[in-house]
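Structure 1 and structure 2 below are two forms of the same protein chain, each written out on its own as structure tokens.
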Structure 1
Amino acid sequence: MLFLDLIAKKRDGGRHTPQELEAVARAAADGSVPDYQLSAWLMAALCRGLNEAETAALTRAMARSGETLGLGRLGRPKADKHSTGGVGDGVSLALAPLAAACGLAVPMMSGRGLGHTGGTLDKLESIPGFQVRLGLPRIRSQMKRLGVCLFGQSADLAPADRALYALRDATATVPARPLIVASILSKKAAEELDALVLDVKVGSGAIFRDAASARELARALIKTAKSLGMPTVAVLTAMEQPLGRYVGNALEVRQALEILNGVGDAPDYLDCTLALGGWMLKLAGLATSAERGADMMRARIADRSGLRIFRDIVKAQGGDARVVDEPDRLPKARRSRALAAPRDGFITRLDARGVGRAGIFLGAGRENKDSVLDYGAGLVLAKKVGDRVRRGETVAVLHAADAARLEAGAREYRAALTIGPRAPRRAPTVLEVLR
């Protein structure tokens, strides 16, 4: 069959056979079909959709487009979490070592920042020397030794997703539910997990802003994961404002270190970490309930064993482990600027997408594929939604390389901020759990 026929079939609303979807995944992985034809098929799939059977078949085909991690039995259950993406969402950095400290094996395949959302790999690479491009033998040996590894997708693991994702990012086809499901789960299937927890973000900074669409995505993810035999839970969490106090790569490493040390003031970040970790432990059979699992995670914060494992990960992956005890060694932007509240009142809105865009202007995110990140750039959010402010009081401190970037970031931040006369209702971070 010609690839042109596959494009025409989907364009006209036809249903693909599993063999046809194998052909799409193979073409993406081996580069045998030009980008413009793959892009046309992606747009047809976005407009016409894929049904449940097609979504499962595409996910399987993408998972089989490369190798699996092949970790075998590690003596502990393998669990991972995946977030659909947010602003200030560096939860993986604290969660992975804490989950490992609780007895899970955590092979965490992570991604880079996309648009206004940050990526775990970029955050890790802000630690001087930290390596995320690891070959399979190295991942396997670290998993055996430490029980946890944070790494990027390689040419070996779900290569069809790598190729398709890059095209989706450049062709406005990211928000297609079946394509998101296949993208996320093909990577996770390659990890051969015993438990998967999905953090499906809801709000202005998420792929889907409204709860109904996010819930539909969560249901589709669970259905397809089950058809692949992967025990999965989806936790819907708030992404109306950024998570935690920091937005930016090195700044979010700092946030994770505060969480692992049990200090700082980021209750939303902590709630999210504990809820996701609690479900990982419950689903993998190490805790009798998600609440009990969250208690286990809390204990690993209190005894600093999560922090110890984070230090081991940094050392094992070539990073400067001194940053763990001396975060001032992390990269810093050349300039900073404090922004003051223009009036008295309460913060009623701090739009996550707007703050994420401010991060891009400051140099913490990519404007295009070739942008070079400034690891020290970003925002420290002194005030968040619900906080009372006085006119002139600092609401945020911006970090960037120069005055022009600071000005552009300040403009975006101000547009994202609303101060009103009355305190808004406090919204929970964990909204719903779907199984």
Structure 2
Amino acid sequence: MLFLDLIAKKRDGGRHTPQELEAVARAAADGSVPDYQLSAWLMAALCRGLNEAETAALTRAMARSGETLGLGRLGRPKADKHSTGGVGDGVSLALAPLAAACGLAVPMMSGRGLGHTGGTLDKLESIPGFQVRLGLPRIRSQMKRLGVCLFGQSADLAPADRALYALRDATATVPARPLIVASILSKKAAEELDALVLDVKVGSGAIFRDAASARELARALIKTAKSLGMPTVAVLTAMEQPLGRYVGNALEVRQALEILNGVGDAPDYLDCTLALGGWMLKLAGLATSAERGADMMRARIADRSGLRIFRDIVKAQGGDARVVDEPDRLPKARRSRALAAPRDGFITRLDARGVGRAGIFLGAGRENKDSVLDYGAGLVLAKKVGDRVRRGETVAVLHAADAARLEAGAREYRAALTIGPRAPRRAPTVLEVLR
């Protein structure tokens, strides 16, 4: 089979067989086909599309292109969650230990941030010494011992996805929905999960700004996941403003620690965490309903067992576990600046994408894949949408390495902020659940 024939077939609107899609995944994984031919096929797939059967076959082939996690029987069901990305979305940091404390095995494979959205791996690496690049033997050992591991995609797990994702990013083929579905689910299928919960963000800070597009992606993900035998629920959550009160890597670790300690003022972050965790427990058979699952999570916050497991994770993965009880040990930016409200009123808009861009200028996010992060940089959001403010009152505190970055971040933040005379209607965090 010539790869050139596969490119031509898709270019002309043909439908691939499972065997042909296995050839695509194999070529991506082993490098037997040059990048320019894989790129041509990706563009053809973007323009001509893949139907449901092709999407499922490609996902299955990509999952099988390397090793699987191979955890076997752990005595507890395996569950994970995936977020489509947002601003302030460090939920995985609190969710994974809480879910493990409730009896789930949680092999949480995560990624890095790019652009205005943050990445779980970057947040974890803000903890001094924390290792996210783990080999399969170490992941398996930690899963058997602790029931939870937070790690990045290794070269052995779904290697076809690693190759195709890099090419999609460089060839303007990222928006192709079937390729998004295959990328997300191939990694989860390689984990051999018993349950998967998808956090599909909706709003200015999300990949999809409107609910209709997010809903289409969620339904496509659910259909493909079910065809792979992986029970899945999609939770649509709001991303018009940042989630929680902190934006930045070490700052979002602090946010997770506050949640695990049962303190802080981030009801939207807590609502999102409990909704996702509740569905993980329900799908895995450990709770009779998502609401009951959320209650179980609340109990693990109250008795601090989630916090204890987070400490165990940090210690097991080489991090300084003292940060769990002493968050001031986390990295700090050299400079900070408080921003004041210019007038009396209510916060009526705090554009998530704009705040995410402010984080990039401050040094907390990547302008490109080679950007060096300042782990202590970011924003503390003293006021959010619906909060009353007085002229001169602090609305946010910015953290960065120098005055120039602070000024650039302040400019972006101000553009994202609107203060009006009337309180807006408070929107729910959880918008919809699709099964």
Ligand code: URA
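So that the term is clear: the rigid core is the largest set of C-alpha atoms that superpose within 1.5 Å between two forms. Reference numbering: structure 1, starting with residue 1. Since the structure is predicted, the reported quantities are computational estimates derived from the model, not experimental observations.
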Only one of the two shown forms is the form predicted in complex with uracil (URA), so please name it by number.
1
Kindly check if the Cα atom of Asp35 is displaced 2 angstroms or more between the two structures relative to the superposed rigid core.
yes
Examine Leu46 after superposing the rigid core and state whether its CA is displaced by 2 Å or more between the two structures.
yes
Did Gly13 shift 2 Å or more between the two structures, C-alpha, core superposed
yes
